[in-house]
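Heads up, the chain below is alone and in the form predicted on its own; it's given as structure tokens.
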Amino acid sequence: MGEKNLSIPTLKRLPLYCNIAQHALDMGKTLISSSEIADCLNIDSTQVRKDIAAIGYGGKPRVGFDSKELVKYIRNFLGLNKVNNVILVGAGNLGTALARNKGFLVQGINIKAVFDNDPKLIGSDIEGKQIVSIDNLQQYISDNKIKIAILTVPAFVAQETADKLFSFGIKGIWNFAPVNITHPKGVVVWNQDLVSNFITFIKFVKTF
């Protein structure tokens, strides 16, 4: 099955499988079964096998998956073994927290620069990442061949900022602004509404 035929839920589960297999490996467990992975995520083991088979990797019947090989295969499939340069737009509290997250680079995600329109912030840095004037967005994206942006600006400027990013050649936006962004064909926007997610989480907890 090609990458474009994979469902979004499958793609979301693959990094989780990778993390579980890596944890097993760290604990000295060289083999891990689909049932063990499924138990960690409270899903059916059949789903685990289908997801992993969909990316072309096969385990051994009644034995399971080689933990090291599974980690290596999923990381390679997801492109985590190479550095993906991205930019972050919006150096507020959330943007700063994301820029300081060292876990991104471990997974091959390099926040190369942070952009903002606050003169007090421009020229400073966050964990070595320079804060650049938003006026320089187009030139920076072009010079560094950036295709992905993380958006952490206020809701009232999110669409306007996204439209600029699209016009400058950005093909994907991970949006943390609490508003859904409309976008042209040929680009991807992933809306990450933290408040709505937390409300859903609270409701889910209360059902137990």
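Residue positions are given as counts along the sequence shown, with the first one as 1. Heads up, when I say rigid core I mean the largest set of C-alphas that superpose within 1.5 Å between the two forms. For clarity, every value in this text was computed on a predicted model and none was experimentally measured.
A second form of this protein, the form predicted in complex with a further copy of the same chain, is not displayed here; the remarks below concern that form.
Participant: Check for me: heavy atom within 4.5 Å of a further copy of the same chain in the model of the complex, for each of S33, K50 and A54, yes or no.
Facilitator: Zero of three within 4.5 Å in the model of the complex.
Participant: What stretch, of 62-70, 138-146, 154-162, 172-180, brings heavy atoms to within 4.5 Å of a further copy of the same chain in the model of the complex?
Facilitator: Of the options, only 172-180 has residues within 4.5 Å of the partner.
Participant: Even though a further copy of the same chain is not shown here, does R100 get within 4.5 Å of it in the model of the complex, heavy atoms only?
Facilitator: Contact check for R100: yes, within 4.5 Å of a further copy of the same chain in the model of the complex.
Participant: Is the gap between N84 and a further copy of the same chain in the model of the complex 4.5 Å or less for some heavy atom pair?
Facilitator: Looking in the model of the complex, residue contacts with a further copy of the same chain include N84, since a heavy atom lies within 4.5 Å.
Participant: Determine whether any heavy atom of Q130 comes within 4.5 Å of a heavy atom of a further copy of the same chain in the model of the complex, and answer yes or no.
Facilitator: Although a further copy of the same chain is absent here, Q130 would stay clear of it in the model of the complex, with no heavy atoms inside 4.5 Å.
Participant: Taking 4.5 angstroms as the cut-off for heavy atoms, does I37 touch a further copy of the same chain in the model of the complex?
Facilitator: I37: no, not in contact with a further copy of the same chain in the model of the complex.
Participant: What are the residues of 11-39, in order along the chain, with a heavy atom within 4.5 Å of a further copy of the same chain in the model of the complex?
Facilitator: Residues within 4.5 Å: L11, K12, P15, L16, N19, H23.
Participant: Once both forms sit on the same rigid core, is the C-alpha displacement of N19 at or above 2 Å between this form and the one not shown?
Facilitator: The answer is no; the displacement is under 2 Å.
Participant: Would you say S196 moves between this form and the one not shown, meaning its CA shifts by 2 Å or more once the core is fitted?
Facilitator: Yes, the C-alpha moves 2 Å or more.
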